[in-house]
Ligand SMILES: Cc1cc2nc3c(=O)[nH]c(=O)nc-3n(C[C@H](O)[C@H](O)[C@H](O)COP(=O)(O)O)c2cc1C
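One chain comes next, on its own, written out as structure tokens in the form predicted alone.
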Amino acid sequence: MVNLKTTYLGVELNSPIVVAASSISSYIERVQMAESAGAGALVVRSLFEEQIALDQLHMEQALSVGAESFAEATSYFPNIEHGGASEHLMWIEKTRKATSMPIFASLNAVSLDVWATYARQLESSGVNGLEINYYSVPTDPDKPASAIEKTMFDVIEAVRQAVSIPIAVKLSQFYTAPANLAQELEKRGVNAIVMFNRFLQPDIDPDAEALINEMVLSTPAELKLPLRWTALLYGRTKMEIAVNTGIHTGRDVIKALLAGATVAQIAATLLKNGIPYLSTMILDIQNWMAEKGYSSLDEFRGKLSQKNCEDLFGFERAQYVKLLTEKR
């Protein structure tokens, strides 16, 4: 009998498949369905500072309508304050009570003090860990790459000081030196890195001459980049590695584990194929392990990382030169 147990962010998981932050976490019955299908854990969709600020603005605008129409109107409404992150926190607590698998929070903020404040509030909700969804699109031409990284480090340090639970950082794929970045994150007490944050890109409609913003699901082809960097970083960092983009099948999970991942995060494949498909992915992993003679994940995790692979340069430039020089 094969054993799919693993650990991530300090807690034991029954399987290496983690449901990524997505709309799935917005419905208790879907979360429970994912747990029943074999999910090891779930990341609740992100708490966004900007969304709360927008909601607060809308509330203030609604309360101000007609407030000065009559002399008595100035005292008509009681002093109402926006609840901030309270609704999100209550939903996490409700989800926590409805499931037994580990639950991780996700946070995306803008202001340094808000990062720390919301991180503390999320910790108080009883989550097992916190995923820092660091989504930033730097557009200032006068801000060098080093300053961009320092901004992220300041956020990490503020959050690390604010909470005692394990934290993971969801990285962008656009950093110049991911290996050095991982090293710096480890120095600052980060427990895991998630590769990679999949930025939603705007499109353009030529007919309407307007921008289009739509949710486009990931494809299996997008798995190659996180696989590469997982294989390169495995053994070079003590942090755990979660592969996030392009995982669509059980075999994709196996690829991530062979590269050195601790867990694989999925969302698009469940949105496309239905949550019960997760059980098919679990079965595929079990069948492959039984066929190969593996009884636990540790027996093959990182087997094809750069550290353990016979082709030490296969994840760098060697394959590029080889493909270009092959006769076709």
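One-based numbering along the sequence shown. Every value quoted in this text rests on a predicted model; they were computed, and no experiment measured them.
One more form of this protein exists, namely the form predicted together with the named molecule; it is left out here, but the text below deals with it.
Of the candidate stretches 115-123, 138-146, 214-222, 155-163, only 214-222 contains residues with a heavy atom within 4.5 Å of the named molecule in the model of the complex.
Comment: the named molecule is not present in this chain, but in the model of the complex one of 285, 259, 278, 266 has a heavy atom within 4.5 Å of it, namely 266. None of 172, 128, 133, 191 but one reaches within 4.5 angstroms of the named molecule in the model of the complex through a heavy atom, and that residue is 133. Heavy atoms of residue 294 never reach within 4.5 Å of the named molecule in the model of the complex, leaving it off the interface.
Remark: residue 230 does not count among the residues lining the named molecule in the model of the complex, judged by a heavy atom distance of 4.5 Å or less. Using a 4.5 Å cutoff between non-hydrogen atoms, residue 255 does not count as a contact of the named molecule in the model of the complex. Of the heavy atoms in residue 28, none are within 4.5 Å of the named molecule in the model of the complex. Residues of 292-306 include none with a non-hydrogen atom no more than 4.5 angstroms from the named molecule in the model of the complex.
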